[in-house]
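One chain comes next, on its own, written out as structure tokens in the form predicted on its own.
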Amino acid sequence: MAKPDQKSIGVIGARGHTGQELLSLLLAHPRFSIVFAGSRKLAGKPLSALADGLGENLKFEDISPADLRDRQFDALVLALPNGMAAEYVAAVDEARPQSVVLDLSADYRFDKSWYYGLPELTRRHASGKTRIANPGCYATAMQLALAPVADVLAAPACCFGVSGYSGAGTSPSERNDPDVLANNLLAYQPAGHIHEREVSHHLAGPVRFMPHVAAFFRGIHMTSALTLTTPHTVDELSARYEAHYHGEPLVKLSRDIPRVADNANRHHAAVGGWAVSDDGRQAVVYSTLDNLLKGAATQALQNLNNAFGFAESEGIPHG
């Protein structure tokens, strides 16, 4: 039960990799209290059955959309696969319309009535919004890399992304099979990936995205190739990014190419490693982040903090 100074949070789809990370962050947050955690497969088991340190006091439940009519909560987080959020959203709209709903799937990222919550780029639109679409992990890495130069792109950016296999979820497939991935790199969905459409939509300009998965568990590396309208030096590019992300604690800039291993299990995104051609018109920028944290759970916590008027970084470890 939430204390009087806490907001009560329900999480549906808590069994997955992102759900586990979000539960851990919420349990440690001084202003939030988890009042239920939904997982059909783990129903009746304590949260510690998912991971050590998640506690014994709260048990997973099999919660249907209809069950929400009898639940009290200030916010509902949906960590479900794509295409499964609508019934839960409809139930909240009917029974508890004043509650905050945050959806981690792609179901509402193109819906203009929902706030698209990539705080470093969109927080000016967050005030008063109670329906929040959390961006995709690849889409976050691409947008943070491209936003500072979006106004000087002469052609669609070409983004080559590599994700750890946690990004493929928990359902078995070749994309999360360590034996298949060993000494290997798998390309998939080379055209029309939903994160390509997501970035093109929210940056209001086309991008090309080529996703891959590798044998590491968590993290994303993104190489973005840019064609610029005017020549730029590395110093000029760096200055653009410094101005754009000044005062942003969860975006770390560096002249060095950011590495997955240095940013896995961290709550920020790292952007930098700029390079330019001799004529200054072709450029490359790199970005990396933990797909389960800044690409999902950490960003969700930023959005929940903003929804309730808390400091955006409250409950998010830095460093």
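Everything numeric here is computed off the predicted structure, so don't read it as measured data. Numbers for residues come from their place in the sequence shown, where the first is 1.
Keep in mind that the form predicted in complex with a small molecule is missing from the display, and what follows is about it.
The small molecule in the predicted bound form is not approached by P178, whose heavy atoms all lie more than 4.5 angstroms from it. None of the heavy atoms of R259 is located within 4.5 Å of the small molecule in the predicted bound form. Under a 4.5 angstroms non-hydrogen atom cutoff, the small molecule in the predicted bound form lacks S287 among its neighbouring residues. The shortest heavy atom separation between R40 and the small molecule in the predicted bound form is within 4.5 Å.
Screening 102 to 110, 206 to 214, 144 to 152, 227 to 235 for residues having heavy atoms within 4.5 Å of the small molecule in the predicted bound form returns a single hit, 102 to 110.
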